[in-house]
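Below, in structure tokens: the form predicted on its own, a single chain.
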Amino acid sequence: MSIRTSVHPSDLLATLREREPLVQCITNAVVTGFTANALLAIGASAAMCDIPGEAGPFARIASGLLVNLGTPTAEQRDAAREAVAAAQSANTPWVLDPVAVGALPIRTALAHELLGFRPAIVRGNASEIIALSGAGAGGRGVDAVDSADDALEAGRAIARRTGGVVAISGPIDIVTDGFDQVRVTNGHPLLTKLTGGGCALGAVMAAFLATESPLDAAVAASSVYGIAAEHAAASAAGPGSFAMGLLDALAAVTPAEIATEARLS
């Protein structure tokens, strides 16, 4: 069953830019710069605070937190544990991005551990979501081999376990609260040619968590990010110019454009 969001993504984009949320990112080394720039472009502030002793205190003052398991060094794993415990204590909403879980044992065990701290949003591709639910072995590295619809039941199970929502990324994004779902059909295939395209979306979701409920935040982030990708692709010559264009499009997209171009069902 599909459900309607309580607030349209266009309104949440305007709210985000008014509030300028501070997003703490514990994310992978491959995408740190792009992720920070995506947050700045959308209207948020970025803090890549990912060392033990600082990660917990910062999570208490941040507007939202992203924990991305792309390159989980020992120090970063400790920082993630510290940050999510502090976030839970301080009611700071946070996003878990379980990159490449399934076949890789260290990050898979950590992802299951962190689920106990009840992320507001779990964002991953279909294969990652299936693996995180215990129903599969993951994809091909960071690449999905399943569709979002294949992962829907797994996403529902995770959402019911955490009390949050699961955002399954793919050609069609699906956001579920464990019972119902919203489909977002905005986006462009060039996102799959950009290192950090999905990782940056997780950070944008953390920014939108400062504006509304997890369901509305995840839908808004997917819509705005997908529409910006469509705008960037319209003038891109390839993946390189698309990457630069996506940052420009995130900064330039307006609530009025989101109101008319968001495709939700």
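All of these numbers come straight from a predicted model, not from anything done at the bench. Each residue number is its position in the shown sequence, starting from 1.
This next part talks about the form predicted in complex with another copy of the chain, which is not shown.
When another copy of the chain is considered in the model of the complex, Met244 lines it closely, a heavy atom lying within 4.5 Å. At the 4.5 Å threshold, heavy atoms of Glu230 stay clear of another copy of the chain in the model of the complex, well away from it.
Taking the partner from the other structure, another copy of the chain in the model of the complex has no heavy atom within 4.5 Å of any heavy atom of Ile174.
Heavy atoms of Lys193 reach within 4.5 Å of another copy of the chain in the model of the complex, making it an interface residue. Three-residue candidate spot Leu115, Asp149 and Ile258; no residue lies within 4.5 angstroms of another copy of the chain in the model of the complex by any non-hydrogen atom. Between 115-123, 88-96, 150-158, 101-109, the stretch whose residues reach within 4.5 angstroms of another copy of the chain in the model of the complex through a non-hydrogen atom is 101-109. Residues Ala237, Gly238, Pro239, Gly240, Ser241, Met244 are the members of 228-245 with a non-hydrogen atom no more than 4.5 angstroms from another copy of the chain in the model of the complex.
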